[in-house]
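Coming up is one lone chain in structure tokens, specifically the form predicted alone.
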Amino acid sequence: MASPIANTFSVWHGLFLRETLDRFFGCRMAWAWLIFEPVIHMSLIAVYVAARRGSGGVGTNLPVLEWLIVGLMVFFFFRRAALQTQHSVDSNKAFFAFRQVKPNDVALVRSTVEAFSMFLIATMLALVGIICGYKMIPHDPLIVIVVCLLVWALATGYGMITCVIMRLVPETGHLFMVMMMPLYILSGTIIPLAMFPASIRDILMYNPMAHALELARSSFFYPYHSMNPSLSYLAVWSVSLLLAGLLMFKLFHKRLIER
């Protein structure tokens, strides 16, 4: 008889294969849209900002395009992992007929598949950038890896919490969708936080995603005059949200698997 750990890994393996095939080959050209959607978005934003500010820098002598791409990739990672986790239960209801499959399994696996797809996209963009002569190799790769792991935990925890709230109060789904836009702007994704007044910057730095973007950029560009981001602050938020999400999935297990 297989152990509970072996059963869990078997479930995760099966769900991972299923989610991967669905994300990349679920419909015609699904893999192309998965790749080109963030690429087109980032290209339009980068061209617009570069045209407005020239090829100089963003508040310093940093290159505009690289600065934008790093920030956009980190935020896209958070947004897509959070949204996929948010809708993971509704998209996998049929699997709950098997008692081995739990809501937290589909949430964690779906977020991991999204992280895998974003890793492929980021690698492709980095290779294209290097070929074109842009500086797309971080001077501190370890910080990049840690930040990505923490952003994954933050997005997964946020997605699990909002998933439960949406199941209890369906109308909140519209609110969570709208919230992504101000978060996109106020995290410093396309507008440097240094451009805001000091009093507002102090408030914006309560946002853990602002710390994630600043840490990622500081690991790519040296020297980089960032807003003094804190890795420990980001870690506390990420771990706390992930644990809170897992706890809410545990408490509302029956409500999540209801049809």
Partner chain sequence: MILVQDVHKRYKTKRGVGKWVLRGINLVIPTGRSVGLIGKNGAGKSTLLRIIGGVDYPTKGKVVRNCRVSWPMNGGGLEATLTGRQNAKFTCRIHGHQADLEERIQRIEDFAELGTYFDEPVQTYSSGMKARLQFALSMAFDFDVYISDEATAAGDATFVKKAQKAFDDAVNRASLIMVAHNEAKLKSFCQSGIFLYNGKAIWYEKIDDALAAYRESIQ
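Numbering follows the first chain given and starts at 1. Owing to the predicted nature of the structure, the values given are computational and were not obtained by experimental measurement.
Below, we turn to the form predicted together with the partner chain, even though it does not appear here.
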Check your understanding: Any of the heavy atoms of residue 115 lying within 4.5 Å of the partner chain in the predicted complex?
Key -> no
Review point. Does any heavy atom of residue 128 come within 4.5 Å of a heavy atom of the partner chain in the predicted complex?
Key: no
Practice item. Could you confirm whether residue 101 comes within 4.5 Å of the partner chain in the predicted complex, counting heavy atoms only? Key: yes
**Study point:** is_contact(residue 17, the partner chain) in the predicted complex, heavy atom dist at most 4.5 Å
**Key:** yes
Revision key, fill the gap. With the partner omitted here, the residue among 142, 179, 94, 149 that in the predicted complex has a heavy atom within 4.5 Å of the partner chain is 94
Practice item. Using a 4.5 Å heavy atom cut-off, indicate which stretch of 115-123, 182-190, 86-94, 131-139 touches the partner chain in the predicted complex. Key: 86-94
